[in-house]
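Presented as structure tokens, the chain that follows is alone, the form predicted alone.
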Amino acid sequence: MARRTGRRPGNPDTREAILAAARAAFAERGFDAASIRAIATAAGVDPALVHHYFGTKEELFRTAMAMPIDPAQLLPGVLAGGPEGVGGRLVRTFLGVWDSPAGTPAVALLRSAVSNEWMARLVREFLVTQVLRRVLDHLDIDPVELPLRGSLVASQLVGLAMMRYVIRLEPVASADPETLVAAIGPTVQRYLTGDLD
């Protein structure tokens, strides 16, 4: 029996094949270097089918990571007040997501990232390309400083998530979110816009 070639028909397995190829591509090459065309080729489908199922590359990335939130919808509120106070608004928004029902799958992702290098790469790509880059691009920062500033902010936010939601260190685990915003927001602000010397 001759094997059929060409585009795979739209069946229930097609969506999962695209997601598996996307996860592998994002983990191996990162968000920026992974292309829809390469993901489609790995999944054995036409690139138009990837767009049909997932829309944009950002939406494919979020779905592949099973991310329950869309940073593009949340970050305008963080950036709305300008550079002053952006650290506090970022921490407040971060806690708002993690304290909501969306926080449960986020905790699962964080736990997985700690024990699985492949998942760690995906979480790292999500933080850098979908959150930190979007914030840092709106601030007047020397491009040479962007990687360090972004890494420092990530260390603060991921450390907060680990202590509050995974390790559940008291009193951080049960603290009122505004207490944490007041304590951590100024540090995040300094990492974003302050003197790092």
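Just so you know, these numbers come straight off a predicted model, no measurement behind them. Start at 1 and count along the sequence shown; that's the residue number.
Not pictured, yet referred to below: the form predicted together with a further copy of the same chain.
Proximity to a further copy of the same chain in the predicted bound form holds for none of Ile36, Leu75 and Asp142, with the criterion being a heavy atom within 4.5 Å. Using a 4.5 angstroms limit between non-hydrogen atoms, Ala48 is distant from a further copy of the same chain in the predicted bound form. Contact check for Gly159: a heavy atom falls within 4.5 Å of a further copy of the same chain in the predicted bound form. Proximity of Glu170 to a further copy of the same chain in the predicted bound form: non-hydrogen atoms within 4.5 Å are present. When a further copy of the same chain is considered in the predicted bound form, Ala106 lies well away from it, no heavy atom lying within 4.5 Å. Considering a further copy of the same chain in the predicted bound form, the lone stretch of 80 to 88, 67 to 75, 119 to 127, 96 to 104 in range is 119 to 127 [heavy atom distance within 4.5 Å].
Along 140 to 158, these residues reach a heavy atom to within 4.5 Å of a further copy of the same chain in the predicted bound form: Pro147, Leu148, Ser151, Leu152, Ala154, Ser155, Gln156, Val158.
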